[in-house]
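Before any questions on how it binds or moves, here is one chain, the form predicted alone, in structure tokens.
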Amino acid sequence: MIRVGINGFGRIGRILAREILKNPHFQLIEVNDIYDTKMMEYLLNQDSSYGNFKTNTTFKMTNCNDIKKLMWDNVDIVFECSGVYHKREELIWHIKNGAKKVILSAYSKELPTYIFGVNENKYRGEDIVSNSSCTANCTVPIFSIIDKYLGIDSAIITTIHSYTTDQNLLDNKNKDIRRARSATTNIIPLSSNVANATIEFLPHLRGKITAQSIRVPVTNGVLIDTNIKLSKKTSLTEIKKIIHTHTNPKISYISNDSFVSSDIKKMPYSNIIDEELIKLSKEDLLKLMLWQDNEYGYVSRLLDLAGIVISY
């Protein structure tokens, strides 16, 4: 059984805790956040997206705001989900204070990065790793397949993303001028790091791939619009054959179900390929539309990566 601690009890931390508490291979030892334990318990049990949750399992709750003071007694893995710490020099305190391994639930420029279904078999025992971002987990497995069998010359990625807690519910001041506007009533263009995350795995695309995020007024779900200039001419038939033959059914689901965003809620996949929305122009310009439950799907990959990390 893998003994787990979670630092950061926001959206990802709480969904992760729910899944750990239901999984016989994991034991939740402790969660930490800066807000009080009564609020932590309430938000774990009541969730507007996923409904109510009850457990008879007990675990420790703390509200420490200094990573250096967090003690992880009897913990194998700490999931760092606070959104505050991204550097090894910060995350090493989890190791110093008792944890054997740390998995960061975010993109990091400086940590070894593993995406399940892409390079998890290259894990070599590092004590602190990144699971990259939710959108990278969605796009990189598919881009890797397309690049291997058809080649990618360039790409533009548009992430159509549910709004998040770093946006304002109503118009209010913000360091980012667009984030100052109400998330519940606007379509808001923002930046995205998915291009940088993708380049880590496909370095030949450096300078040839760009990305943009569009935040929309829904509370859950992502639709990623990818436009790929292929290296060779092809057909829709060949593209669909490649996708059906080479995608990993554990992390990818091919759908003909005419999904809208609420339909993908709680689906545990890294990406859901909407086959009806695969388009090809002039035999070498490919459009793929990829759905993802950016919370539940991403949490599923965190747990998959934990299994790899702890069994090394």
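Please read all numbers here as calculations on a predicted model, not as lab measurements. The numbering used is simple: start at 1 and walk along the sequence shown.
Absent from the display: the form predicted together with a small molecule. The rest refers to it.
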| query | finding |
| --- | --- |
| Contacting member of I92, L169, V84, I187, with respect to the small molecule in the predicted complex [4.5 Å, heavy atom] | V84 |
| Residue contact check: N294 to the small molecule in the predicted complex, 4.5 Å heavy atom | yes |
| Distance check, T165 to the small molecule in the predicted complex, heavy atom within 4.5 Å | yes |
| is_contact(K101, the small molecule) in the predicted complex, heavy atom dist at most 4.5 Å | no |
| Partner proximity in the predicted complex: F53 to the small molecule, non-hydrogen atom cutoff 4.5 Å | no |
| Triple contact flag R88, P112 and S144 to the small molecule in the predicted complex, non-hydrogen atom at 4.5 angstroms | no |
| Interface segment, criterion being heavy atoms within 4.5 Å of the small molecule in the predicted complex, picked from 237-245, 156-164, 197-205, 116-124 | 156-164 |
